[in-house]
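Below sits a lone chain in structure tokens, taken as the form predicted alone.
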Amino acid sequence: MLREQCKVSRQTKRDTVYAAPMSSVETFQFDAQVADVFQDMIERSVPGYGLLLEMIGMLVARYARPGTNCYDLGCSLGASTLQIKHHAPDSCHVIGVDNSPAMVERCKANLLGDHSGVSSEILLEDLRETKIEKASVVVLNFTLQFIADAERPDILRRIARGLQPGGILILAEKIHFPDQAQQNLMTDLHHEFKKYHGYSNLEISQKRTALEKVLQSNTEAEHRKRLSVAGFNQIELCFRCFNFTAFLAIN
């Protein structure tokens, strides 16, 4: 029962954003068109996404502390936000942040039916401006990769400073590999995953083009170094499926 409660609304449209040939593929953005199909898009595009959400809930249950704040930075439709709300102590306060008006609107609507005892608020805000304070859990669920590489260290430092001792950051990211053969294999496997879930070669190609300028991936080593420099004491790779990963960084 709890697992069903943690899901966002199933009344979602099938993703056909890139189904028709485009004379010019525009840069990907989280606009209303994407927000309308985002649940279907991410479930069919990110291997292990459902398992990752369950893992977030499990980690929240272990690390969230009474009377603290829990942040979902880049909350989109609220899937991670709901996992936090359903697994944190009732005295926690959950803060979801997204800079897309369409995502914030739909996230608020998805949370209306939630009746957990944990209070929450959803902010239309650039996470680079979000003040992290009295936090026990921070989630960046495929969010940091859309921020300019040069700005990532400062974001992670602010998160580390805002976390209480023993607090955690859950950082999920698409990565790339320094070995080209491994990179080619993981890319091919990811594309096969998308085909398995009904995407055509055209859709895969056009979306890849749309993402090229806005999604900048790092290697596992680069993530580990950046988290360490930011001040995290323990960094564990706790999830990987093809080229999608999640790090558990403990303050």
Ligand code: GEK
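We number the residues from 1 along the sequence you see. Every value quoted in this text rests on a predicted model; they were computed, and no experiment measured them.
Beyond the structure shown, there is the form predicted in complex with the ligand, which is absent from this document and is the topic of what follows.
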I'd like to check something about Tyr49: if you look in the model of the complex, is any of its heavy atoms closer than or equal to 4.5 Å to a heavy atom of the ligand? yes
Are any of the heavy atoms in Ile84 no more than 4.5 Å from a heavy atom of the ligand in the model of the complex? no
Check Phe30 for me: does it contact the ligand in the model of the complex (non-hydrogen atoms, 4.5 angstroms)? yes
Proximity of Ala79 to the ligand in the model of the complex, heavy atoms at 4.5 Å: yes
Which one, Met186, Ile204, Ile42, Met55, lies within 4.5 Å of the ligand in the model of the complex by heavy atoms? Ile42
Selected contact from Val118, Ile147, Ile175, Ala160, since only one has a non-hydrogen atom within 4.5 angstroms of the ligand in the model of the complex: Ile147
Want to guess which of 93 to 101, 177 to 185, 107 to 115, 160 to 168 is within 4.5 Å of the ligand in the model of the complex, heavy atoms only? 93 to 101
